[in-house]
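To begin, one chain is listed below as structure tokens, in the form predicted alone.
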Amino acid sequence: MMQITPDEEIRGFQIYRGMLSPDQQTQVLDDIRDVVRAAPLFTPTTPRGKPMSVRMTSAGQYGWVSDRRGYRYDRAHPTGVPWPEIPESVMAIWDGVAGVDRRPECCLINYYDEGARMGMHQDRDESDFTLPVVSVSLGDDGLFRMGNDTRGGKTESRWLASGDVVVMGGAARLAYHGVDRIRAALTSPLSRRGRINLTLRVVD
């Protein structure tokens, strides 16, 4: 996939609209379904024991997990099985927009049903904040909110559609961000309601 330029940049968040064609979305989803068969979706909890509204799994050397032991990366699914490899169809997205030589070691897969949300948070469990996080939207639309590197203050929001890609690097790497709402897409590669979000990260 050739290096391309973003359609919009907000607070350092680079937004690539419709980067993935319908055929590419279908291929990525087929590959993600293989990952989920090997490492099923699970419901994480916060360190205080509250269940999150998203379900998740991962691919790569590491997966991101959360439970009473805290937020962290782990080398195995909660069932103990190793995480599957990151599919090459997903790696190609990183190669097209990340602009770095390193390749991701984790692909976090979040599934949002109609009522799921993701509160404002930073991605800061990685070792090197000079390397970006790449986010891929599939399925229903998600209202993505972008904030600052500290809590509070003015935020901006954009609807992300299936096939959109966001790169969080530079000024946006440690900015707070979240997903406030999910709405039905006019067209979706999923066979039912819901949104899948992939986030690619270099961990070590």
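For every residue, the number given is its place in the sequence shown, counted from 1. As the structure is a computational prediction, the values presented were derived from the model and not from experiment.
The following text describes the form predicted in complex with a small molecule, which does not appear among the structures shown.
Spot the stretch among 146-154, 175-183, 35-43, 22-30 with residues whose non-hydrogen atoms come within 4.5 Å of the small molecule in the predicted complex.
Comparing against the small molecule in the predicted complex, the contact stretch is 175-183.
Contact residue in the predicted complex, chosen from H121, R102, R72, R75 - any heavy atom within 4.5 Å of the small molecule
The option sitting close enough to the partner is H121.
Proximity of V165 to the small molecule in the predicted complex, heavy atoms at 4.5 Å:
Answer no; every heavy atom of V165 is more than 4.5 Å from the small molecule in the predicted complex.
Whether W83 contacts the small molecule in the predicted complex should be assessed with a 4.5 Å heavy atom distance threshold; does it?
Although the small molecule is absent here, W83 would stay clear of it in the predicted complex, with no heavy atoms inside 4.5 Å.
Within 4.5 Å, heavy atoms only: does W94 come near the small molecule in the predicted complex?
Flag for W94 set to no.
In the predicted complex, S135 touching the small molecule (heavy atom, 4.5 Å)
Answer yes; at least one heavy atom of S135 falls within 4.5 Å of the small molecule in the predicted complex.
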